[in-house]
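For reference, the chain that follows is the form predicted alone, supplied as structure tokens.
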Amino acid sequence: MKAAQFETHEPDTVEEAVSLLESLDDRAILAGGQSMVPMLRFRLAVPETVIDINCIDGLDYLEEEDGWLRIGALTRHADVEESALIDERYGSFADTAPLVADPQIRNRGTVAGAIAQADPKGDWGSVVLAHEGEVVAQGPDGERVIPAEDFFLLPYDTTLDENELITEIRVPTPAPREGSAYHKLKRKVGDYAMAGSAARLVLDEDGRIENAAIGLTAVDITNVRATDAEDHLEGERPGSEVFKRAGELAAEQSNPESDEHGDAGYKERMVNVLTQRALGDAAERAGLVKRRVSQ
């Protein structure tokens, strides 16, 4: 099947793109296009106009600035995968990038586009939630910063206004004694997650967990935080028994659906195991304990 006919605009600036969003009725944004192009091809999306933002300079950055890791709207998955900064300081991002689809998609698809897609099986939403990150959007009234926790509403639906363009995803730079990790279960290489868990731990000077955040993939209607597990972890010393209970609480708080790949009970058990593994890696990367995971 071929895509229905549509007009294309290629703005040179964010302001021009926002103006087009405001003035055109039936339009879609094209960044990496790895979700949009198949939807156009199969006519699951039939916009009158496609606004291709790839000609806008200055949106392909990946850098630390003013206490934030800033990821521009045109930064590709492969840019994250190949970044020495990510490899050195952001464990969960380094874990996630090579798990996104296949190399062809990672070379073209964008982190911001994947988050804007708001697929509950998407990996980046959980990672940004675990890092208590933010989505930066530009609209007719200027810039708006949306906490990741407030961004996801429903599958493929967010709090982004229809006239707003995501310009940046950002997460705080790591605190001392901070570690993070992401674990994902998928049927085969390149698949979306059947379940996934991103964990971030900050330890205090005494080695106790000062701050814990966990984001879950594919086990609810959006990427979600496992807040009961986070509450359990804070103030505790990292260890297998503490992580085991956190995994159980994350599983209890998840709401997976049964499908051809596994029933809901199986996915809850996977949430338990994946969360323990992510916490173990995060703690090890925080520098104070070796990984010990209950199965």
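One-based numbering along the sequence shown. Remember, predicted model here, so these are calculated numbers, not experimental data.
The form predicted together with a small molecule exists for this protein as well; it is not shown, and the discussion that follows is about that form.
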query	finding
Stretch in contact in the predicted bound form with the small molecule, which is absent here, among 195 to 203, 141 to 149, 173 to 181, 96 to 104 (heavy atoms within 4.5 Å)	96 to 104
Sole residue of V242, L249, L69, M36 within 4.5 Å of the small molecule in the predicted bound form, by heavy atom	M36
Heavy atom within 4.5 Å of the small molecule in the predicted bound form - residue from D157, E132, E82, D191	D191
Contact flag, T222 vs the small molecule in the predicted bound form, heavy atom cut 4.5 Å	no
4.5 Å heavy atom contact, G113 to the small molecule in the predicted bound form	yes
Partner proximity in the predicted bound form: I209 to the small molecule, non-hydrogen atom cutoff 4.5 Å	no
Non-hydrogen atom contact L62 with the small molecule in the predicted bound form at 4.5 angstroms	no
